[in-house]
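Presented below, as structure tokens, is a lone chain in the form predicted alone.
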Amino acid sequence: MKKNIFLIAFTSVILLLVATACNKEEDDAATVPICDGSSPTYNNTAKAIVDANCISCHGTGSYKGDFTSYSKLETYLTNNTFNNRVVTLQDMPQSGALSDADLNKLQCWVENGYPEN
């Protein structure tokens, strides 16, 4: 009898862990950014997003990359690192995910070739 109760309890815990893990994966799934057809530029849109979310780690002279100006960010744009980490993988910024609205604006910026002005 004790073995049956243990087996039922153990099975229940395992099922609960599996169910929780599946829900966690769904909750953590990245939002797929969608461009609304707008034409944001670095100066009128992206700079504010970068300044608010990236500069704390990517400030002046940072060994992680200096995102304080378009010219300093440009290397990460041309080698696709910025798009990959921020828009596609959404594992940056480390402080937390960007809003869907900001991701969509950045997606438009990416699709338009990262214009500065």
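Note that the structure is predicted; figures quoted are calculated from it, not measured. Residues carry their position along the shown sequence, with the first being 1.
One more form of this protein exists, namely the form predicted together with a small molecule; it is left out here, but the text below deals with it.
Though the partner is left out of this view, residue 47 does not reach within 4.5 Å of the small molecule in the predicted complex, counting heavy atoms only. Contact check for residue 42: every heavy atom lies farther than 4.5 Å from the small molecule in the predicted complex. Looking at residue 81, you'd find a heavy atom of it within 4.5 angstroms of the small molecule in the predicted complex. Using a 4.5 Å cutoff between non-hydrogen atoms, residue 99 does not count as a contact of the small molecule in the predicted complex. For the three marked residues, 88, 108 and 114, no heavy atom of any sits within 4.5 Å of the small molecule in the predicted complex.
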